[in-house]
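First, one chain by itself in structure tokens, the form predicted alone.
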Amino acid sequence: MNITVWNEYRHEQKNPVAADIYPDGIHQVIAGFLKSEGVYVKTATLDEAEHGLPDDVLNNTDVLIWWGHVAHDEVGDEITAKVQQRVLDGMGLIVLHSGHFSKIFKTLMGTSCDLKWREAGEKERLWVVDPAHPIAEGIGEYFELEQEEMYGEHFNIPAPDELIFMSWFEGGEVFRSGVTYKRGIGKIFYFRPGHETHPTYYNVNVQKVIQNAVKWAAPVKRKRPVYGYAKPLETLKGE
């Protein structure tokens, strides 16, 4: 399986707190825990040519992981359209944390994807509300992150195909923090945790969820359905 971890990679270069936690970038930490036998992991960042996603990379990516925050508008519309097409054709997409506001996620959702937020370093408790789902495999009834940015409802997304995790925050808010969708023959998973000034991606439960999600989002082995005019399979009356 070929995985590409995409990160805008701006906070880690400009914010000393983020740089201290992720000195080589969030993308390198995620790539590190995803590497295993039979899995090839590549990283890509916003400031690379074609945002690190030229056709030869994108067309050979089975699952794309996306983290962005302060530079969503700098992602080119042409690249967004290419990623969208790859999802429709079967590539898996995992969108993390503030990637909810990325061009690609909003394009695929067709909504504003807006929400409430607060940076107060409060506790987040993530409840497993679909314990039979493969993305929740190996996770207990819940797990906690001692410090995270708060996201709160209403989260303006379409009704999910599946709701896997629900978060509660110390300030009282709740949030649909792990949801899935299908678009074309591609699968999408949005996972909420991952603020850049907290060591969230070192948490073993967060890592396990992303590892599970990669397996779940892997492409099915079939061609995209054919659309448009179709010749009848049977002989029609009058012909």
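The shown structure was predicted, so the numbers you read here are calculated from the model rather than taken from an experiment. A residue's number is simply how far along the shown sequence it sits, counting from 1.
Below, we turn to the form predicted in complex with another copy of the chain, even though it does not appear here.
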{"query": "Triple contact flag 133, 159 and 167 to another copy of the chain in the predicted bound form, non-hydrogen atom at 4.5 angstroms", "finding": "yes"}
{"query": "Contact of residue 62 with another copy of the chain in the predicted bound form (heavy atom, 4.5 Å)", "finding": "no"}
{"query": "Heavy atom of residue 81 within 4.5 Å of another copy of the chain in the predicted bound form", "finding": "no"}
{"query": "Any non-hydrogen atom of residue 199 within 4.5 angstroms of another copy of the chain in the predicted bound form", "finding": "no"}
{"query": "Proximity of residue 72 to another copy of the chain in the predicted bound form, heavy atoms at 4.5 Å", "finding": "no"}
{"query": "Interface segment, criterion being heavy atoms within 4.5 Å of another copy of the chain in the predicted bound form, picked from 63-71, 39-47, 175-183, 26-34", "finding": "175-183"}
{"query": "Interface residues of 126-147 toward another copy of the chain, as seen in the predicted bound form [heavy atoms, 4.5 Å]", "finding": "127, 128, 129, 130, 131, 132, 133, 134, 136, 137, 138, 139, 140, 141, 142"}
